[in-house]
Ligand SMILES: Cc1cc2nc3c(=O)[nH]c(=O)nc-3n(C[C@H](O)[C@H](O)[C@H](O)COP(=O)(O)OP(=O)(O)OC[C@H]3O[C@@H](n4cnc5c(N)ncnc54)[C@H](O)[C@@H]3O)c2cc1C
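Heads up, the chain below is alone and in the form predicted on its own; it's given as structure tokens.
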Amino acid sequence: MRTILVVGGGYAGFYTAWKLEKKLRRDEARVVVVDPRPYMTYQPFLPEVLAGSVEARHAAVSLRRHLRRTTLVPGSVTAVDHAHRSVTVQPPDGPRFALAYDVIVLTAGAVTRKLAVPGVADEAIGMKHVEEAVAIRDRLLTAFDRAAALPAGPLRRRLLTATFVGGGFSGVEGFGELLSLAQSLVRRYPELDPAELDFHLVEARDRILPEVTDKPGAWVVRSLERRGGRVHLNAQMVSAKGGHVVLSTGEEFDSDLIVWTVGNAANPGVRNHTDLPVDERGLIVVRADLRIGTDAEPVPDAWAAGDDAAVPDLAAATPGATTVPNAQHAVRQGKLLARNIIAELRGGRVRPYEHHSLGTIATLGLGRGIFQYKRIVIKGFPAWLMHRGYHVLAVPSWERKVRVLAVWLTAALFGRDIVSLVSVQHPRQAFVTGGQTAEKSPEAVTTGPAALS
């Protein structure tokens, strides 16, 4: 049998393998998926994971549970040698090894784009994976507990300050959801004043949410600012050393939580270690039918889709445009990719990818959202309901849909769960210390709870 190797188990990779399983005959080909994580992250739920509205595990779709006929290889592909139909895999443990294939599907996905801003590598958290969303939420909950034990002052103000860098969908949705959580949370802390919350959204351009038009984007800014958020447009982060944020506008403040959502960059494993064609951005060059290569020079037995592929956007008015890296495209490209691979195996006709947008929708916090389809704009609670309805239908498998709906129903009856489990990031600490906290210095003691008595 021919071996179809899928590099990456994200949106495009998961749906490609899932559809191949359903449509391939058992003796026709075997499917192999290589990914360092045992699950596919449903990224549109990450802002709600961050706010505690969706259970973290429910935003992750188990590969082994749903890809039952696929061989799963845990590890990262560090090099692609298509001339010899081989990839190099780095497993979590042990040495690298070569993995042979007949057909390759590159859906490795993009990585968070990093800039050389001092302090960001040490202080910031991304928002691309479930673990990051959980860490952001636990960090905020723990900050409230710590701040409640302190007198008003610089340290307390720092603990109640959060900064999001990047005004795209990830940044705006995460900012809106965390702001909503913080405003709900502060009511449970009589020691704290809601006016002490200081939330910043930093965007280098003159507007946020580039996928919506100017007026809806400006409305989102006004909505966030009415709720107490501070939106810095035409501003860049110059430094974040030690949690001290310096902006290009001259503003400075201390922030205990810095979330970096500046956008995507090409996967370095694909960009730097492959004999397949890449463009100037490091993205895989792809034809409209998702074959790797160009119309003049297609690469045999090689396909790609998702965030790490420069897929021509046939629905765009601008010549040469490529599809934007979002869930809508990745899911549909994955499904088409499976159909085209099977058509190629059976001597059938492959089809080009063309998808006209169903509109743009975003959550801005509990009960708040925005939707735009061409000239139709819906704001507030109706848009928020549409957001939840769309994504609960879009998340793979009925099992996940039911679990998410159950959590939403529970939250509607009993409110948010505000327990922080930040200690799970250091599970041996209680065992090693015997449950004792580290001894404070005299300086720390004078500014702690005893100073309030």
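Residue indices: 1-based, along the sequence shown. Nothing here was measured: the structure is a model prediction, and the numbers come from that model.
The following text describes the form predicted in complex with the named molecule, which does not appear among the structures shown.
At a distance of at most 4.5 angstroms from the named molecule in the model of the complex, none of the three residues 190, 256 and 426 contributes a non-hydrogen atom. Put simply, residue 127 is close to the named molecule in the model of the complex: some heavy atom of it is within 4.5 Å. When the named molecule is considered in the model of the complex, residue 353 lies well away from it, no heavy atom lying within 4.5 Å.
Of the heavy atoms in residue 267, some are within 4.5 Å of the named molecule in the model of the complex. Under a 4.5 angstroms non-hydrogen atom cutoff, the named molecule in the model of the complex has residue 47 among its neighbouring residues. With the partner left out here, the named molecule still marks one of 416-424, 402-410, 29-37, 54-62 in the model of the complex; by a 4.5 Å heavy atom cut-off that stretch is 29-37.
Only one of 229, 109, 166, 312 comes within 4.5 Å of the named molecule in the model of the complex through a heavy atom, and that residue is 109. When you look in the model of the complex, the only residue of 293, 243, 75, 216 with a non-hydrogen atom within 4.5 Å of the named molecule is 75. Along 321-341, a non-hydrogen atom within 4.5 Å of the named molecule in the model of the complex is carried by 325, 326, 327, 328, 330, in order along the sequence.
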